[in-house]
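The chain below stands alone and is given as structure tokens, in the form predicted alone.
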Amino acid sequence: MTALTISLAACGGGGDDEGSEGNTNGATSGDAGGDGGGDPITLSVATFNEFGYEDLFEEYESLHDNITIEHVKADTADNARDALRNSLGADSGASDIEAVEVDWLVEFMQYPDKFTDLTDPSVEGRWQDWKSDAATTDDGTLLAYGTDNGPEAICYRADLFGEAGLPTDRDEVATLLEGDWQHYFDVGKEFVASSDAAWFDSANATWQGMINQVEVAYQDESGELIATTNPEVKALYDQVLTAAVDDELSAGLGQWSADWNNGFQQSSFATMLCPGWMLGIVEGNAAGIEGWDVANVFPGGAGNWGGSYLTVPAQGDNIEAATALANWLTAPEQQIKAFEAKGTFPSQVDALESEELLSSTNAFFNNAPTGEIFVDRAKAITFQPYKGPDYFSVNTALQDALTRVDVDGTDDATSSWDKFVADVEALG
């Protein structure tokens, strides 16, 4: 990670007056306004991973003859975060629109004067409350427009389930797995007793589902780091490692590693946590492998993993036009198009009621009604965990602790926890 370059003190209140002058205040999803008054302009949009915006950029350019869109796409979300930190610290270099991932949103919410106030009557009620609340300051300033969410279901290998004597039908599997995390692990013990495959891919991947169900995990709203003293965090850490190592439910494949990618082809595991955006990744890694399906269930009830926002940095030269574009991109009809392109599940209330979304199926996952399933999973989410400014750094340290035990085998659970404690203390 690059060196920290944001040295400004956190400021209360909303965006600065100068940066807010260009707010569209009335631009709608189909509004052709905010186009810079007809003068030719180029708008840069910085994203990472897959937002499904490529065709939408072309559509927007066709609606605005004077606007050209430059897509700045980082290879990883981590690199996108570092680049934004550096440009905000230098007050120069940010794109006109910057995408921000939910796990580091709060980190940037400390600096509201660095972003444009996006409050606008046209977006009132656009998102689920928890989605927009996370991007709103205490004084009601909206600093980011929601793009997608990551409601989670369970992806599973129906063929491996059948060979192990478990149900294969997705509705029966949903019934089988209904319950808490311990129930999910107990079914896994039944599975591995009759199969050579593991139950899940890795402890750190499973951890993402567990920790996203903790309302205040690592840092409270006063800024105090509680990660190492929060009994809920330690209990979950012990629970997932007991399941992964002692009960031998994990394939021990560090998520996003080459071994993890290869594990799909080698039928190394039977289940994994699946936010909507994961479907395309599974399909890509498991190309040629039949048997994947998705069940409308999630341990503990529901959870959200990932999802992003669009911000408009106040340092830009085209704030009015950038705000109009961000507004248009995050409207329900555009986010449904993004879902169809890349599987990024929309966070907009109206999109969740769309017949176009509800009728979506996925051929790779045995024609599962993925639109209906993920709409159900999204509606089951009742809160967004509080993620303080240090959430990203602490969670990375916790993931490292799990990997040392589950993947690398260099530590036991106790010694690796001690190293995690030291890592968190080093954050100050």
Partner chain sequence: MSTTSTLRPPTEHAEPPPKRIGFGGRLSRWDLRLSPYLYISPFFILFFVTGLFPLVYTGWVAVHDWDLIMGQGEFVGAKNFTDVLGGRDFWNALVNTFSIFVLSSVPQVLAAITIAALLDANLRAKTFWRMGVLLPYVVAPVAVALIFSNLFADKFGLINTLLGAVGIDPIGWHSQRLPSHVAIATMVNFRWTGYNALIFLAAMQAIPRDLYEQASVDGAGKVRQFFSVTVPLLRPTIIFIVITSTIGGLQIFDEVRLYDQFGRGGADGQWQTLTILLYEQGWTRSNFGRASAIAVLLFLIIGVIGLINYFITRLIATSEVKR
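Between two forms, the rigid core is defined as the largest C-alpha subset superposing within 1.5 Å. Residue numbers count along the first chain shown, from 1. The model shown is predicted, which means the values in this text are computed figures rather than measured ones.
If you look for the form predicted together with its partner chain, you will not find it shown, but the lines that follow are about it.
Counting any non-hydrogen atom inside 4.5 Å, which residue from G300, G291, G89, P167 sits next to its partner chain in the predicted bound form? Spelling it out, the residue with a heavy atom inside the cut-off is G89.
Its partner chain isn't shown here, but in the predicted bound form which of S194, T175, T229, T76 has a heavy atom within 4.5 Å of it? That would be T76.
Does any heavy atom of T410 come within 4.5 Å of a heavy atom of its partner chain in the predicted bound form? Yes.
Any of the heavy atoms of Y111 lying within 4.5 Å of its partner chain in the predicted bound form? Y111 belongs to the contact set for its partner chain.
Any of the heavy atoms of N366 lying within 4.5 Å of its partner chain in the predicted bound form? No, N366 stays farther than 4.5 Å from its partner chain in the predicted bound form.
Classify T396 as contacting or not contacting its partner chain in the predicted bound form by the rule of any non-hydrogen atom within 4.5 angstroms, answering yes or no. Looking in the predicted bound form, residue contacts with its partner chain include T396, since a heavy atom lies within 4.5 Å.
Heavy atoms within 4.5 Å of its partner chain in the predicted bound form: which stretch among 229-237, 316-324, 183-191, 265-273? Single hit among the candidates: 265-273.
Heavy atoms within 4.5 Å of its partner chain in the predicted bound form is the criterion; list the residues of 212-251 that meet it. Only A251 sits within 4.5 Å of the partner.
When the rigid core is used for the superposition, does K114 move between the shown form and the other one (threshold: C-alpha shift of 2 Å or more)? Yes, shifts by 2 Å or more.
N366: Cα shift of 2 Å or greater between the shown form and the other one (core-aligned): Stays below the 2 Å threshold, so no.
Could you check, with the core superposed, whether the Cα atom of S354 shifts 2 Å or more between the shown form and the other one? Not so; S354 is displaced by less than 2 Å.
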